[in-house]
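Quick setup: one chain, the form predicted alone, written in structure tokens, and binding and motion questions come after.
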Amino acid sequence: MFYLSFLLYPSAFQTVLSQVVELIENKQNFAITTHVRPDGDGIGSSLGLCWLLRSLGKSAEVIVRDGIPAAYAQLPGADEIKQIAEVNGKYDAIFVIECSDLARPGIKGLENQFTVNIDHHATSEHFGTINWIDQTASAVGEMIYNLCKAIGGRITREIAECVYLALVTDTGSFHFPNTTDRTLKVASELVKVGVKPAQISEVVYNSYPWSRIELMRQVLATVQRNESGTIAWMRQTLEMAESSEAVDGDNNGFVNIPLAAKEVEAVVYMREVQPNAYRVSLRSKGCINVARVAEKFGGGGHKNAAGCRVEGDWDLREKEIIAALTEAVEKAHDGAEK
């Protein structure tokens, strides 16, 4: 099989985008999926692409392994998302949204399909038959907007609402460093189509169950800082999730809370997913590169937002991650990190 892999610098951008456009124009039956425990960009971009394909007269559906967070359930088309463990049947192509590798969606059988890898993470592996990677995009949602323009599609209200949610969640309401003038121009165009920013924000940030508040209370009680106050870390145990009756998604955004303190420059959030196994979220400000820290532990992500999964003794692994993060902060202060 011939694999088309491009890192989207200007010389390659139009080439790979044209491959995606050609595929859509010449094929009919598509599916879209995203990573396990889907977030706003994963769900918003997937649904936005689904609506785009349908507007072009194509057959399209969104398939995921895990249920979607309640905050995204009001997106147009969310009630049609299929939750599956294995691909049934053959599609002309499956679009894989915001995944570092083909195992990330957690769905069996993807390896037997023609896949289109669409991502904005520099650490994404080129696992697709076509790989559209644009690390300059603030979110995959921004890429879906560009695809719609490239293929001559009309930005419908459904597409606009889904893509806008993808943008607002992956940019932290447009205050994360990945927000660019291009991001704001896209958001402006979506508002002109009919998106109501206040309504989207209300759904995303003010529609959580009380279990989130209870879980937050317990997690924040574990927060610690290093001597200089520049690094903070906190934990979420299995017992916390059980006692608060929390579900996946209730902890969205917890990792960003300590960053609100002026002196805190980087945060480690370790969540116990089973005995001796933890999901690690890393966040930072400025030029502190947490993606490189995550890579040391088999993960990846963006410069200021990354993650990984580790196993073993909790205290030991936490110390190792904090040590690596401390090194990253020191490099940034010395001007060695770009």
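Start at 1 with the first residue shown and count on from there. What you see is a predicted model, and the numbers here were worked out from it, not measured in a lab.
From this point on, the text means the form predicted together with a small molecule, which you will not see here.
K.L.:
Specify the contacting stretch among 138-146, 98-106, 218-226, 175-183, defined as having any heavy atom within 4.5 Å of the small molecule in the model of the complex.
P.N.:
Of the options, only 98-106 has residues within 4.5 Å of the partner.
K.L.:
Spell out, yes or no, whether the shortest heavy atom distance between H121 and the small molecule in the model of the complex is within 4.5 Å.
P.N.:
Residue-level check for H121: yes, a contact with the small molecule.
K.L.:
Would you please decide whether A306 lies within 4.5 angstroms of the small molecule in the model of the complex, comparing each non-hydrogen atom pair?
P.N.:
Judged by the heavy-atom cut-off of 4.5 Å, A306 is in contact with the small molecule in the model of the complex.
K.L.:
May I ask you to check whether T33 falls inside a 4.5 Å heavy atom distance of the small molecule in the model of the complex?
P.N.:
T33: no, not in contact with the small molecule in the model of the complex.
K.L.:
Find out whether any non-hydrogen atom of P69 is located within 4.5 angstroms of the small molecule in the model of the complex, and reply yes or no.
P.N.:
No, P69 sits far enough from the small molecule in the model of the complex that none of its heavy atoms falls within 4.5 Å.
K.L.:
I need to confirm a contact call. Of R54, K285, R279, R292, which residue comes within 4.5 Å of the small molecule in the model of the complex, counting heavy atoms only?
P.N.:
Of the listed residues, the single hit is R279.
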